[in-house]
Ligand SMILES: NC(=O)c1ccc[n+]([C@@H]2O[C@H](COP(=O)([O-])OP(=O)(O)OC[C@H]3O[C@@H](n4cnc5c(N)ncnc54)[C@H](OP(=O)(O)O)[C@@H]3O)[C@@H](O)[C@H]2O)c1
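Quick setup: one chain, the form predicted on its own, written in structure tokens, and binding and motion questions come after.
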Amino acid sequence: MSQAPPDSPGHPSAHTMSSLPEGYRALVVGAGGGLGAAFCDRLRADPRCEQVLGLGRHSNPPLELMDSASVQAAALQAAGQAPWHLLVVASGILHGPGLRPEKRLADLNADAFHRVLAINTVGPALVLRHFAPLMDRQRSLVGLLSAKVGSIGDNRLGGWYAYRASKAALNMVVKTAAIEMARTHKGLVMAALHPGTVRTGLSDPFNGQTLGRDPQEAATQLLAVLDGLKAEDSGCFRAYDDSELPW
């Protein structure tokens, strides 16, 4: 089935990132995924956006989250166009060959746990290490896709050990990096973002195509949340409806 083009009747209007300067430049890591591609679409539909660089395993330059040299090389290439004004890290893994969310402790597998942590926590942390210094010091936004199930305070059902742990750890990385970056980039605002259930491959095995929202809608909502953040919000954990989530 073909997808409706941006701003067609099948998609919401793009959000205009009015808090960023005219001609702002945006980076999207994980651009090959369903939500990452939607972020690229939404940003390219914003007339105030001058450039969108989508990065992923098959981009030019390629960026492979589990390869630190690849992350560094992509950042070195992007540095030639710095400063950047928006960075969205839309990568993540929940399931795959030999990998399913655990229902109980007996389901834990060390190799699968390591892989989930590598992609959901270590990879985004390396992206921040190499890309955060490239952001504009006056006003820039950094959003990393987390998940409500990564909230320790909101955990009432249990299960999903690796995914929950990886997102909780990512939240700590975001909070800690926001504190550090505020010392040199006072206008940089960083946030962990909960997208909700979205109709992407990540949610497919969990009734996501029935329960989820269109990726274009989710991307528009998350961009609006980022656009509304102030300097004092840096390091926050927000949902797609702009509600604040417990750690």
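Residue numbers run from 1 along the displayed sequence. The shown structure was predicted, so the numbers you read here are calculated from the model rather than taken from an experiment.
In what follows, reference is made to the form predicted in complex with the ligand, a form of this protein that is not presented.
Candidate site formed by 32, 65 and 119: every one of these residues places a non-hydrogen atom within 4.5 angstroms of the ligand in the predicted bound form. Looking at 173 to 181, 132 to 140, 159 to 167, 103 to 111, the stretch with residues near the ligand in the predicted bound form, meaning non-hydrogen atoms within 4.5 angstroms, turns out to be 159 to 167.
Of the residues given (87, 145, 74, 128), 145 alone sits with a heavy atom within 4.5 Å of the ligand in the predicted bound form.
Among residues of the shown chain, residue 221 is not one whose heavy atoms approach the ligand to within 4.5 Å in the predicted bound form.
In the predicted bound form, the ligand lies farther than 4.5 Å from every heavy atom of residue 48.
Although the partner is absent here, residue 195 is a contact residue: one of its heavy atoms lies within 4.5 angstroms of the ligand in the predicted bound form. Within 4.5 Å of some heavy atom of the ligand in the predicted bound form lies at least one heavy atom of residue 57. Applying a 4.5 Å heavy atom cutoff to the ligand in the predicted bound form picks out 90, 91, 92 from 88 to 115, in order along the sequence.
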